[in-house]
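Quick heads-up: it's one chain on its own, the form predicted alone, in structure tokens.
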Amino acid sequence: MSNQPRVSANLSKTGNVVRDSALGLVTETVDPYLRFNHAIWHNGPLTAAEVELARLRNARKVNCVFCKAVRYDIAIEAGLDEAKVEQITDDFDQSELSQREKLILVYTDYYLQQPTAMTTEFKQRLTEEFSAAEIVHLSLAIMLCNCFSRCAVSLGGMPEEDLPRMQISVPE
């Protein structure tokens, strides 16, 4: 992974992590992105802790150093703690996570790797646990997180090593 950015961050310093990043260079896209991001975190049927589980699983799969280090304050307020985060490993099926949390991680993996490979048994378990609206919300959350983290990684400038944990708010 390159620690040299391919695109330098925006020169303005608004205090908004997205607007001040390289994404702020294309101002026409920043506001719609921020509105969608806000809706995913605040307006869907899943809790912020559930969205954060999917976001962190995506971060692990994409290897976005920044995404892996960030914890959203609203997810922490909704009950996500580091003990749960530490269980988002490749053997999470053996973890103490709840069945619902494990289903979120399995669905995230299917979504990211091979969405057409979902077994009938898994689909049944998923629809028994989640409403249709929750499954759509989860899919949109994974899509947004995956697009954002892949964009960040592809723009370069990722540190070569892990960053310390940082708690942030959902950017407005």
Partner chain sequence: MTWFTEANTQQDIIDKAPTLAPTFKAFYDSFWQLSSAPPSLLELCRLRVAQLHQSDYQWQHQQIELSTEKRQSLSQWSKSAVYTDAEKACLAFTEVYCMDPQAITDAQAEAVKSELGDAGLVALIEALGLFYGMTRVSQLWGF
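Residue numbers count along the first chain shown, from 1. Everything numeric in this text was worked out from a predicted model, so none of it was measured.
Heads up, the form predicted together with the partner chain isn't pictured, but that's what we're talking about next.
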| item | value |
| --- | --- |
| Heavy atom of Thr47 within 4.5 Å of the partner chain in the model of the complex | no |
| Partner contact for Leu56 in the model of the complex: the partner chain, 4.5 angstroms, heavy atom | no |
| Partner contact for Ser12 in the model of the complex: the partner chain, 4.5 angstroms, heavy atom | no |
| Close approach of Arg165 to the partner chain in the model of the complex, 4.5 Å, heavy atom | no |
| Heavy atom of each of Ala83, Leu105 and Val170 within 4.5 Å of the partner chain in the model of the complex | no |
| Those residues of 16-38 which, in the model of the complex, come within 4.5 Å of the partner chain by heavy atom | Ala22, Leu23, Leu25, Val26, Glu28, Thr29, Pro32, Tyr33, Arg35, Phe36 |
